[in-house]
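The chain below stands alone, shown as structure tokens; this is the form predicted on its own.
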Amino acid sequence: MRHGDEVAQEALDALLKAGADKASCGVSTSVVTELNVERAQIGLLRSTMNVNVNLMAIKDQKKGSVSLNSLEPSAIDRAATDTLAMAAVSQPDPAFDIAEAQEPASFESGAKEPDHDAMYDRMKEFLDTVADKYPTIMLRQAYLSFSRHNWSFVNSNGVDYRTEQGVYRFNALFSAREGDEVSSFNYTGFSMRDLEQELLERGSLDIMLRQTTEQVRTRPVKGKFMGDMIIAPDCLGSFLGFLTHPLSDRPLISGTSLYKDSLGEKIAGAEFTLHSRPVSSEIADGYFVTGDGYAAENSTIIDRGVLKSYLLSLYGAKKTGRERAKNNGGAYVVEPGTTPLEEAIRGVKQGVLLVRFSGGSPSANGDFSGVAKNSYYIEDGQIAYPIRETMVSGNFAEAFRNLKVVSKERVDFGWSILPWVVVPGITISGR
């Protein structure tokens, strides 16, 4: 197979030859080795290869882009021609640009090759331990994979980056059965650099399996009330998406962002600090280069409740006149609080522990509504019972602004490190 560095430079040359004023190309190749389990039986170990080439050109302030999955020279030449043809019919925008010149660099993390024996041993150990510790669990699917990803990026300003990353990833889907009664499905996953620890010791896997065994018999919450919601780490990622989306290009460019004039202002509780740390040693599944061609840096987005940074790309920064973000977001790390989870639960008079949220995106003003899945009712500081047919609704911006507690405990998912958080003012509707 042709090397990605060679193909990237070849594509860049083709774009410039076709008439581009400015151009860039990224070539991604990855080999994924996967060990899968279906219905508690280890299945096939297989490897797949993926190739993706992205070409972008700017001509007369017009932009075109094309993606393809071939490394062949003839395919690259056709794609370069198509990219310029797309640019020719697009609308001009002076904000279209490419990253300025930077020192060429190479980045590397993780293993170069999968350890097949360790993959099998860890999966077998996981199946045996779950069968012994959680006999009511029905493991529907589980995947343990190793991905070796290579990415080459060049642009016509002289940017030249190469990255090589190896990472193990695990995902599982499961339910529990007692007699004729079955819990709803639940799932979780995580990433890791190595297989030195048992799978049950990673992420929230053990917590989620235990909770699923408790959720065979559920009850709806009675009535409708306003209370506190404890958002569990597996669910917090979705709410961070609600929180960070208004900080990105589209909402800020259009002027519809809830936080368009909030830089330097309080948008979350004083205990809440959010970092994006794609190049931190504590993140196993991060990244080294941004999508628009800059070396990624760690950043703090919210510091003790105060908004410190937007998540603008080069294009978004030029359109809004604001500062470009140091990274693409993601790789989120929330600083731990000082309150143990048990104490946080004791502080809730009436509310829910939200483990999974099933609902659409919030409205423009931050209102959200959805079903609390695999979750629990809390009353007088105690987890009372697992719930079903229960809706939760509120305004995520207000909820985070009034956030009460961040737990001392956190879960390391490999791609993020997240605690439990307590937010007030949530409408909880049962039967």
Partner chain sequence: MAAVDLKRYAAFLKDYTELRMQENRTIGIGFLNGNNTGNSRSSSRGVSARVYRQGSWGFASSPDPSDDSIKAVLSLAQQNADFLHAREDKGQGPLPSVVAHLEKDFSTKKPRLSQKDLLAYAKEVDNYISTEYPDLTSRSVGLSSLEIEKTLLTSEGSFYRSLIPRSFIYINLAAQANDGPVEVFDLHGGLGQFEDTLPSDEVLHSMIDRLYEHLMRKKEGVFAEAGVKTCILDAKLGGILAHEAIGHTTEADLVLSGSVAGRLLNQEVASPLITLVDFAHTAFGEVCPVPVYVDDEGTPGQDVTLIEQGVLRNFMHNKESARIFGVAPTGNARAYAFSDEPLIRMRNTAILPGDSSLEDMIASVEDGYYLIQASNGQADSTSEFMFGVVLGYEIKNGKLGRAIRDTTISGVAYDVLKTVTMVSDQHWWSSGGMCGKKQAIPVGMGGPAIKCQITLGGR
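Bear in mind the structure is a predicted one, so any value in this text is a computation, not a measurement. Positions refer to the first chain, counted from 1. What we label the rigid core is the largest C-alpha set whose atoms superpose within 1.5 Å from one form to the other.
Below, we refer to the form predicted together with the partner chain, which is not included among the displayed structures.
When the partner chain is considered in the model of the complex, only one residue from 378, 35, 405, 399 comes within 4.5 Å through any heavy atom, namely 35. At a distance of at most 4.5 angstroms from the partner chain in the model of the complex, none of the three residues 130, 165 and 340 contributes a non-hydrogen atom.
With the partner chain omitted here, the record of contacts in the model of the complex names 140-148 of 140-148, 101-109, 286-294, 301-309, defined by a heavy atom within 4.5 Å. In the model of the complex, the partner chain lies within 4.5 Å of some heavy atom of residue 364. Of the heavy atoms in residue 96, some are within 4.5 Å of the partner chain in the model of the complex. Mapping the unseen interface onto this chain, residue 42 counts among the residues with a heavy atom inside 4.5 Å of the partner chain in the model of the complex. In the model of the complex, at least one heavy atom of residue 90 sits within 4.5 Å of the partner chain. If you take 327-343 and check each residue for a heavy atom within 4.5 Å of the partner chain in the model of the complex, you get nothing at all. The Cα shift for residue 381 between the shown form and the other one, taken after rigid core superposition, is smaller than 2 angstroms.
Once the rigid core is overlaid between the shown form and the other one, residue 44 counts among the residues whose Cα shifts by 2 Å or more.
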